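Given as structure tokens, the chain that follows is alone and in the form predicted on its own.
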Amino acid sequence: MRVRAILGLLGAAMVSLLCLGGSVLAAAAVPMAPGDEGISINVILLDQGQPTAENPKGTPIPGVRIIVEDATGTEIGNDVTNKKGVASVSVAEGGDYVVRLDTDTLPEGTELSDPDDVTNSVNVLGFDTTVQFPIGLAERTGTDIGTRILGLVLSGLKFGLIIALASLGLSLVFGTTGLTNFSHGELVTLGALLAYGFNAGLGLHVLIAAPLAVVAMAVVGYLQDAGFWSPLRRRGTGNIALMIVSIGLALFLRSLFQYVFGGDTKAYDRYVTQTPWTLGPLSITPKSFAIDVIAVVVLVLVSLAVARTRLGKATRAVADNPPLSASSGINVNAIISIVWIMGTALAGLSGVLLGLDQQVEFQMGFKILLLVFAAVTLGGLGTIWGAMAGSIVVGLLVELSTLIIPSELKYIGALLLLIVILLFRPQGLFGRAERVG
């Protein structure tokens, strides 16, 4: 009876926390128009003839009007590109649409690579679609390409560090529990949404909202283990069944985020645009530099904690052999709970930094989930060093691949690498080969 009472209190606490988070997000969200399913056609306008180290894919072009029409030629909506060169038009359902660029609104001196390429036909399949209009491609020079490569390396390192935070959390949970958590991407999203809610909904500065979101995610990590995963483990639920449960949880949370937050892409109210620091060929904004420093500091601190502290040694012992660890006096359940707290907080921090670097939307964690799995698998399942190394490789591969393939396909290279690793070295670069059966 006492156990049931405790679980009931934990469940009530979790519901209260979710209600609080929902209230914060609802306060920040823009009400959806009737018939708006949250599907968006996003247009990115970049002058690809003028790449910089900070914007290696091209300089954003703001103030350009984008019009979306359905298959009959009826205008569905229009938007104007923001300071990042992004415009977004919501559509009620999937189908065939035509995206048209109003050339009269292009800034003076900016021209399409193909003057006749002012429309783009797209087929929306029920989720957000991105469209680009080539601008300035014919003006590239060898120097521009060199600058672009340098910028892509910097961008890849930043993206890799953000992925590393999420990968480290996923690897810690897998190492101690054996759970392949497909809802980990939604934890990344929740961290970004909570930070946005604290920032836009409660009016807190981003520098205050971000730490609060990470703390809230740590609480979510404790509550979800105590009220959800721990009871399942005590019942002897197998890892396959737990994995399937995590898939269902991911679908539920993603739908909940879309319902509460909406389908539009939003940004924090600070640090949207900044003047970059320039040092020779290097150019980086203070925001990007801060993201890199925060990610590196956190990764180093967590690595040292796992390697040097008693808690870290106990965590590694539980990961290697839980029964033997329990017989030697280690509280296995407490260690697993702490790992869930750390892993969820790291996922939340990853989401906050990703939202700061890009923008916030309800499926941002889902979009990078396979990259997180690729990074963990590349480095070796259950190894924190491998997760970090794999993340850097994936981040660089994703960004540098845009040199030869369209940016819309840049994730393909990382997923192909995942397939190759599984075929030829399934234990990963730093993992141990294990005998099965």
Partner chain sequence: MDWGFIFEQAMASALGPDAVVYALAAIGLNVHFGYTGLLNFGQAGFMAVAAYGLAASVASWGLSFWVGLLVGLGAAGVLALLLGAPTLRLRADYLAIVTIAAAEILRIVIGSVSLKDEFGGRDGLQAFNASFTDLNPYNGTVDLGVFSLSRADAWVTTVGWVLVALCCLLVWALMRSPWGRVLKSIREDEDAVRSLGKNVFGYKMQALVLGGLFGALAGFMVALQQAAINPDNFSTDVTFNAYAVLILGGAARVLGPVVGAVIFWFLISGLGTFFSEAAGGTDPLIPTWLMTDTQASLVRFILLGAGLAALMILRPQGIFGDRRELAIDAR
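These figures come from a predicted structure and were not determined experimentally. Numbering follows the first chain given and starts at 1.
Keep in mind that the form predicted together with the partner chain is not shown, yet the notes after this line are about it.
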Item to check | Interface membership of Val118, the partner chain in the predicted complex, 4.5 Å heavy atom rule | outcome: no
Checklist entry - in the predicted complex, does Ser288 have a heavy atom within 4.5 Å of the partner chain? => result no
Next on the checklist: If we define contact as a non-hydrogen atom of the residue within 4.5 angstroms of the partner, is Ala241 a contact of the partner chain in the predicted complex?
Outcome noted: yes
Next on the checklist: I'd like to know if Ser337 sits close to the partner chain in the predicted complex, meaning any non-hydrogen atom pair within 4.5 angstroms.
Outcome noted: no
Checklist outcome for this item: Answer among 83-91, 174-182, 205-213, 288-296 for heavy atoms within 4.5 Å of the partner chain in the predicted complex: the stretch 174-182
Checklist entry - Among the candidate residues Gly280, Gly236, Pro107, Gly73, which is the single one with a non-hydrogen atom no more than 4.5 Å from the partner chain in the predicted complex? => result Gly236
Checklist entry - Using a 4.5 Å cut on heavy atoms, which of Ala305, Ile247, Ile149, Val124 is close to the partner chain in the predicted complex? => result Ile247
